[in-house]
Structure formats: C-alpha cells, structure tokens
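One chain is shown next in structure tokens, namely the form predicted alone.
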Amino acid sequence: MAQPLEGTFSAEHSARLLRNYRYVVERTMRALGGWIALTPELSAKLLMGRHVWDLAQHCDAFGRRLPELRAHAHESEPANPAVATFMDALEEPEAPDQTVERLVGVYSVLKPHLLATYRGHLARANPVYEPPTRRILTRCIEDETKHVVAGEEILRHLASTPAAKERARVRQARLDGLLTSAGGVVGDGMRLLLSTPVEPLRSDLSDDAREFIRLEAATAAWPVPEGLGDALTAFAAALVARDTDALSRWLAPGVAIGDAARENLHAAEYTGHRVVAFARLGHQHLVKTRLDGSAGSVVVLSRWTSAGDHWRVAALDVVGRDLRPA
C-alpha cells in the first residue's frame, strides 16, 4: 500500500511539538537530579538516578532534530503558561518526607501522559518523510514505558500505608487537574489522546525497580563496630521513651536536638524501633532508625562518632514521618 506524501504535521508544527516535549523533559530531568540528594529512600534514589540519564538522551535527541525541521537547535518552550504552572507544581516537594509526592508527580501523572502523547504523535507521523522523528519517538516510548512501570512499583513499595496512599491520591488529583487545564504538554494533547489506542504496560519491565527495592531491604548484615550496636539500641530506646536525660548522655558536646526534630519526635507516641540503614563515612557512621507506633512512624538520621571507648551522636535530624489520621 502506497504511503501518502502529506503528513499530519508540517515541519513548523513538528518543531513546536519537539520544543514542547523538550521543555517538560528537561525540567523533569533537572528535578530528578536535584531530588536525589533530598530523598532518603535508596530505592527512589536509584530510580531517579537511572532515569535522569535516559531523559538527558531524550533532550539531546529532540534538540538535535530541530535544525532538520528548520528550527534552532536545542530550544525548549512550554506550549502555554499553564504548562509552566504545572511543572512548577510538579517540582514543589523538596522535604525529605515528601518522596511519595515527588514520585506521584513524575510517575503517576507526567510520564503516563508523555507516553500517551508520544504514542499519539508516532501514530500520526508520516513514515515516508518523518523517519528521524519516528525513531526518536520510538526510543522515548520504550524508555517511558519502563519508567512508568518501575516508578509505579517503587510507589507501591513506599506508599503502602493508608496515610501515604491518601497523600498520593490528593497529590495526583491536584496535578491531573493542572495538566488537564493546560491541555497536556503540547496544549491540545488531551484532545488528540482520546483517539489514540491505549496499550497495556507489561509488568515484567519493572525488574530494575524490584532490584532497587531488594537493595533497600538488604540491611540485615551490616558490620557494626564493637560497642556501637549497644549504643544504638539504648539511644533508640531513649527516643521511644522520650527520656531527655538518657538522650542527652548520648549527644556529643555542643550537639542538641533541634526544635523541628523535637516537634516531629513528639508528634506521636512510639512503641518500637529498628535500624533501617547503616553506612560508614570515614571514621563516623550514619544510621537511620525507624520508630514505630499505632499512630505512625518516624525515621531519625543520626551521625555517630567514637570518643575513646564511647560512642556519641555528632548530629541528629528527622528525615521522614508517616503519621496516620486520628
């Protein structure tokens, strides 16, 4: 069957679409890169690090294609101001305990929409004179499919409690509304997507996510120096009991629990504790201790240093909190 020479998209229109794609992809790439240092969960860190590189390749491919469409190379532009507003909202969560909100924005809202948009574009791109664009879209579709499946796997792992699921629901509803108001990332994409067939995502594409979760959970055999294990247990017990005197005995001179950390620690009562992460940093050790209770949990990050025969806390902060509604 002969292919028509006329295509759905002119060169000018195709260039605009690529600039629109590049705008949201570039901002997402920068957001993920910045969030890595702010995110305490190893599985989410590894997910973001893996996908930053893929998005950089997408940006580069879109940028290199533009001069072939009689446009300036490596330009990005939002389809309209509402798209910029959506991306501003997507980038908002920066607190250590907002990993779920970060992942929902990228993996439950933006990337599924990008995937559907790329598929719609590919279905309409003429195979006779647009093979370069079609090859780029095919690569992006393959990557984004894997990203969405992996991101949803990590989200199920991290948002397993009723409180976290509710946070995810509220977050997604807000961003879905902003994206719909913008007309999608290309301004009219929501209308075009209605006629694009939806292909199911294969669950076996999330092997990388399952490996990230396994690495995060593989914390049962840390080489804990002599004496530190007992110190960690006693310190955690003092946190659970809110025993100010016992806590102060473990703090190094000049170290105090900040007001924000104290407020988080006192936001609920806890009955148990366990170490969930352990790492050596030079002569010091970083430890994450999770305190659990009927009202929720909190994760305390402490940095331990050896002072002769004694271990002391050189720094302390609360890096995660998940409280259940009363």
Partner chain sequence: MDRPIAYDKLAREDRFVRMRAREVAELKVSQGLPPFPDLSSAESIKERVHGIMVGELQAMEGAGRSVCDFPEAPWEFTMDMARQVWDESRHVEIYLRLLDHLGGYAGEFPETTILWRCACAEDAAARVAGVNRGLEGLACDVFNQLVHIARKIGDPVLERAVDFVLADEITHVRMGSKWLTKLTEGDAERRRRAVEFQENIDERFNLGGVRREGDHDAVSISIAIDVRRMAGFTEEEIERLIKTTQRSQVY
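Residue numbers count along the first chain shown, from 1. All values derive from a computational prediction rather than experimental measurement. Heads up, when I say rigid core I mean the largest set of C-alphas that superpose within 1.5 Å between the two forms.
Keep in mind that the form predicted together with the partner chain is missing from the display, and what follows is about it.
- Just one listed stretch, out of 86-94, 249-257, 176-184, 118-126, contacts the partner chain in the model of the complex at the 4.5 Å heavy atom level, and that stretch is 86-94.
- Every residue in the set 42, 46 and 283 has a non-hydrogen atom no more than 4.5 Å from the partner chain in the model of the complex.
- Although the partner is absent from this view, residue 268 stays clear of the partner chain in the model of the complex, with no non-hydrogen atom inside 4.5 angstroms.
- For residue 67, no non-hydrogen atom is located within 4.5 Å of the partner chain in the model of the complex, even though that partner is not displayed.
- At least one heavy atom of residue 22 is located within 4.5 Å of the partner chain in the model of the complex.
- At the 4.5 Å threshold, heavy atoms of residue 295 stay clear of the partner chain in the model of the complex, well away from it.
- Distance criterion of 4.5 Å from any heavy atom to the partner chain in the model of the complex singles out 211 from the list 188, 166, 142, 211.
- Scanning 59-95 for heavy atoms within 4.5 Å of the partner chain in the model of the complex gives 59, 60, 74, 91, 94 in sequence order.
- Put the two forms on the same core and the Cα of residue 291 is off by 2 Å or more between this form and the one not shown.
- If you fit the rigid core between this form and the one not shown, you'll see the Cα of residue 301 move by 2 angstroms or more.
- The rigid-core alignment places the CA of residue 316 2 Å or more apart between this form and the one not shown.
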